[in-house]
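Only one chain is shown below, in structure tokens, and it's the form predicted alone.
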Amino acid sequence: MFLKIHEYQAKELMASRGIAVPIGRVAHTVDEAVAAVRPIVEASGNPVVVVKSQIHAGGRGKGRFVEHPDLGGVTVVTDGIKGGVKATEERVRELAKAMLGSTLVTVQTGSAGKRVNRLYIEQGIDIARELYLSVVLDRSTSHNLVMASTEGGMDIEEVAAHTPEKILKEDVDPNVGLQDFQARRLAFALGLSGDANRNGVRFLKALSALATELDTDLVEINPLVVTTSGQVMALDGKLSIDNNALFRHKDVVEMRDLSEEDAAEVEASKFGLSFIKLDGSIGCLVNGAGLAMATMDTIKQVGGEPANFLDVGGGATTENVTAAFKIITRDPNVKGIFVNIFGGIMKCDTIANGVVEAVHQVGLQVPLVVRLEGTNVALGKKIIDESGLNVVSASDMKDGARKIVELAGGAK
């Protein structure tokens, strides 16, 4: 699980570490958006500004608003070239009124889209070239991997799919970081020369250091731009951090935007549950990430579709299990629930008590299949059997998957 933050927040973290980013200001209201224009224009000396929707999804430039199909999620305002700052302010006012509160649909949001609650007003940049740069955690080596390409911009996915040889890579040894020769090799391969080369080397090393310091899963700059004056600058910024490392980064935790996250996932995190909502109809309550994955695979194998990934973990209490059950039952798409527990650290009687308590609190409107094995299994089954609940027992995982798919209406 990873914490995502907005572009403007990622740029704040970059700027504080000496990484070049455009001048910009966040705006939550129309008036804040308009008020941001004049200081940005005066500080940058450029009459052009850019209005950017802030959501946790890529593809904003190509995205479109449901309420305003002709309007994209990122809009360049050039009115100030001829009309001055006042003209820019009026255009920004129009855009902010249209964007704030509207739903932006991109290739990464799905058809439901995301509501835009924040805008980022940013200086226009005189762009000479657009490049691509990211630092991603390579799980096969447990090292960060710097990836770069001369083909920057909105179609980097097409580059990766059709011309992967255009993507350059450098492994980062966590003991020494990205070395000078590696940064220079990347800079030369990207075609940077003169001031741009020197600035590019500094940028590459600083971004790699940021990724290591913040325990990131991904830092992506798309596009990384070279200006007409030889500056190398992050025109965009995406950053996600491993949740397991957040105790080291309290400042980043404060940047969390709960409105961008699924409400059920937020609720689950309060109880220490690992929960991810999916599109199926079979709710899953499982202990252990590996068993949870195997449970979902088995449900799909017998013709069903899981409605969630939910790992209650090894140290869950009756309260945690009750909360997990409530979260599952709130999903209107759930047509059946499969509780699949192998008791090791987690005891079967704890799960059983949690299920019984949850059903007594919220009721049971869909079929429930329970498979228990391991520590205190006999006691767990006894608790379920004596509860008076309409529960179907399963002898093993595949038996349970078959039964819940059948009870929930059959294979989809």
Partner chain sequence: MSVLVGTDTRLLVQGLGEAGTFHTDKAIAYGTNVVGAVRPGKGGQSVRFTGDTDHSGVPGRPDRYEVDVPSFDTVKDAVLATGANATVIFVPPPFAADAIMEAAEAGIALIVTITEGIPIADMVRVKEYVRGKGVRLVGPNCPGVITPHQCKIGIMPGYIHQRGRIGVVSRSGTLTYEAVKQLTDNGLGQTTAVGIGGDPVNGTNFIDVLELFNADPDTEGVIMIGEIGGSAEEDAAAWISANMRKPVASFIAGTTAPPGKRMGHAGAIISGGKGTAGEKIAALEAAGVVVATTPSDMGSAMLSAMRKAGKA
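Numbering follows the first chain given and starts at 1. So that the term is clear: the rigid core is the largest set of C-alpha atoms that superpose within 1.5 Å between two forms. Predicted model, so just to flag it, every value in this text is computed and none were measured.
This next part talks about the form predicted together with the partner chain, which is not shown.
None of 189-197, 112-120, 94-102, 214-222 except one has non-hydrogen atoms within 4.5 angstroms of the partner chain in the predicted complex; the exception is 214-222. Though the partner chain is absent from this view, in the predicted complex it lies within 4.5 Å of a heavy atom of just one residue from I276, I81, V136, V266, which is I276. Checking K86, R256, H143, K326 against the partner chain in the predicted complex, a heavy atom within 4.5 Å turns up for just one residue: H143. In the predicted complex, the partner chain sits within 4.5 Å of a heavy atom belonging to I345.
Among residues of the shown chain, R17 is not one whose heavy atoms approach the partner chain to within 4.5 Å in the predicted complex. Contact between S208 and the partner chain in the predicted complex is not found at the 4.5 Å heavy atom cutoff. Although the partner is absent from this view, L178 stays clear of the partner chain in the predicted complex, with no non-hydrogen atom inside 4.5 angstroms.
Applying a 4.5 Å heavy atom cutoff to the partner chain in the predicted complex picks out D242, N244, A245, F247, R248 from 224-257, in order along the sequence. After superposing the rigid core, the C-alpha of D279 moves by 2 Å or more between this form and the one not shown.
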